[in-house]
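Taking the form predicted alone, here's one chain by itself in structure tokens.
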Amino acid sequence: MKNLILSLMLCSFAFSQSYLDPSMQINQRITDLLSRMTLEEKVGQMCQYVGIEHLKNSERNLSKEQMKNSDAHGMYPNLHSSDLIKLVEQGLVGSFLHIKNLEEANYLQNIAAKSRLKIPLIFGIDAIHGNALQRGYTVYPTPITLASTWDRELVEKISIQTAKEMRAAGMHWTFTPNIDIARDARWGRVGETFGEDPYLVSELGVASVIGFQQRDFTEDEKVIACIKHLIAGGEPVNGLNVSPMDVSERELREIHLPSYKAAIDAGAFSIMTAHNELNGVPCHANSWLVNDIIRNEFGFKGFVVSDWMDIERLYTLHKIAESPKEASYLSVKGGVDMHMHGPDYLEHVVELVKEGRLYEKDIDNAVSKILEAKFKLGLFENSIVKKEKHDEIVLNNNHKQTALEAARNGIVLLKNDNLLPLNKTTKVFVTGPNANNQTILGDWAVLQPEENITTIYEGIKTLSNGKVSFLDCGEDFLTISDKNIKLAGKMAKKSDVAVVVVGETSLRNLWNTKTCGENTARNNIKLVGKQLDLVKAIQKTGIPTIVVLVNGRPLGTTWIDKHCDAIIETWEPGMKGGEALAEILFGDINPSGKLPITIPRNVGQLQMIYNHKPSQYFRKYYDDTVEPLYPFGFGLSYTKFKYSDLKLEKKIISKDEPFKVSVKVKNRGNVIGDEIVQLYIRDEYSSVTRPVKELKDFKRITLKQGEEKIVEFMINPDKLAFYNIAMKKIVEPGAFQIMVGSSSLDGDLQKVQLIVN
């Protein structure tokens, strides 16, 4: 009898609360739920905290004073983990980030189910290249490596697979793609981006959003994408993260905003604002940027989340708010819907509403979009994930194969003096600080089980049929000993070829010694420590020397380019990076990656971009060339491709008329290969200055030995348009140069003229 009464009570509860009925329209469920929520419960949905286990770890290992002053850990000296659990039970927490595992995710959802309205939590995580902040998941190459594939379909595929592994881990929301335009090689987060070009970043950003969300993210294998960081974080004035940006509206609209417009059009449902200030206004309080442009002009329908502790920084750093409460006010008025992360925000916002400075409708607007996300994700019906599903999906063979494919296609051959590919019987000597460790994983990854990773040394050793010798010279770039440098030279002499693996490390477990990644800028782009001494000692022996770079940003390796026989840029190729690199070394795979960013010779050349204005190099340096070390779009192959017969469907068009461009590409070598055909456009004369060339399309093709294909591009008028003096986007009549080829280098491009009436 008691069970029957309980059952009837539960049915009555569910019936009386219509928002729990999955057959209702989502907008009806939101309206019903909002009507039942107190002001405190509404603002609670706007609050995000770090995970309980993460918090407990800091409570164990940090003093109260350390927690108070630790920006990286961002813990709460006045809020114990047990107090945070009580907030969840009261329905005053909307989201968590930094959840360690599925068990913690399910535990927190069960706590949330005890709250008055049973609103589930949404869990966010920086799944930048796979769900790599948790152990045992597929770690794909970092975004800069993926950008080197120039492969929209592959990026979408990886995003789909990452979403599946995230949902299997109880995660729902990824803080990616980073669609910043990376225009400063000193900046530590270059490897987290798709490079320097607005069009390439837009295309791969769209592919990523589509992959994660699958248009509507309404099934349990999809997640919400978060495009970030709004705006211009990739061009800080001194290369340092958080540094201010002063840019014109023209540069904003031509360089930094196009990727956001494209991602919003693709359905991106969340945006993260940037650490930096823009033209004197911090992005976290910039209503013109968030409300006027992103929401009203671009039509963004989702929710905006702050970056780590950046609402507080309106008070502590930027000094535009006289108190934390005022900072909360400015952020809400500036269009930010969710606070990452920490206490006091709820109390401040509730007080502001009760004082009449904020309206409850402002809160309803923010909360409705957060609730919409939770309803669409199906969290009200299925917030708990079964372990069986987790084990079936995570790190499956299909996902590992995709990680391998991405590494193969993203590795860039920068130099080859007829040394590569190697014969598998070649005696190979391997050394270098990045040769046999997990630096290949890159930033936004924790150390993974060793059996899941193939290091570069392991890849070479596995694939080689000859003798492979190895010298462990240590992983710390600064402490490579003179003894090991001398020993490396001796060991190299006993081999046919030497492979020296150098670069940087972005690994988060080495936070105090890492040289690249989040919050790790540099004042130069040389190899750190004694790495170049190691390379020189080996090259001096006369043994053919291959330098393999593992790094998350461009490095100025001018001496190596001049003296070594081959150079391979792997970037950060992920868990299968060693296997992919070995396949390329021995010729099982023909390298096909192309640079998504210009490689300068030294820091004095910065800013160095391919799409510069005509006057940028009118004058020359006294003490160096103005030419880059390697241009945007560049990458070698083991075969040769010939471009010919560039044609326009029409040589004269009206300004609103699309047109077709075609070119013949032939594989003149004796091995199959992939080529990335790149199309650039230049407006020859215009009312405002225009770049010397701009990427407008690209296609990745495969050609067998001797095969020839006609590659076609359809160009719509928008690709000829720019912002005129009145900041109106138009197509001006006149001559345009259409260029197609293998890189942005003038000598690699076929050219033809188009006239617009």
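Remember, it's a predicted structure, so these values are computed and weren't measured experimentally. Sequential numbering from 1, following the sequence displayed.
Unshown form predicted together with a small molecule; subsequent notes refer to it.
Enquirer: Is it the case that residue 444, even though its partner is missing from this view, gets within 4.5 Å of the small molecule in the predicted complex, heavy atoms only?
Expert: Contact check for residue 444: yes, within 4.5 Å of the small molecule in the predicted complex.
Enquirer: With a 4.5 Å heavy atom cut-off, would you call residue 97 a contact of the small molecule in the predicted complex?
Expert: The answer is yes: residue 97 has a heavy atom within 4.5 Å of the small molecule.
Enquirer: Might residue 477 be said to contact the small molecule in the predicted complex, defining contact as any heavy atom within 4.5 Å?
Expert: Taking the distances in the predicted complex, the answer for residue 477 is no, it never comes within 4.5 Å of the small molecule.
Enquirer: Is residue 175 close to the small molecule in the predicted complex, meaning a heavy atom pair under 4.5 Å apart or at it?
Expert: Contact check for residue 175: yes, within 4.5 Å of the small molecule in the predicted complex.
Enquirer: Of the listed stretches (479-487, 134-142, 533-541, 222-230), which one has a non-hydrogen atom within 4.5 Å of the small molecule in the predicted complex?
Expert: Checking each option against the 4.5 Å cut-off leaves 222-230.
Enquirer: Heavy atom within 4.5 Å of the small molecule in the predicted complex: which of 576, 594, 129, 189 fits that? Just give me the one.
Expert: By the 4.5 Å criterion, the partner-contacting residue is 189.
Enquirer: Quick one: of 340, 278, 665, 507, which gets a non-hydrogen atom within 4.5 angstroms of the small molecule in the predicted complex?
Expert: If I apply the 4.5 Å criterion carefully, the residue I get is 340.
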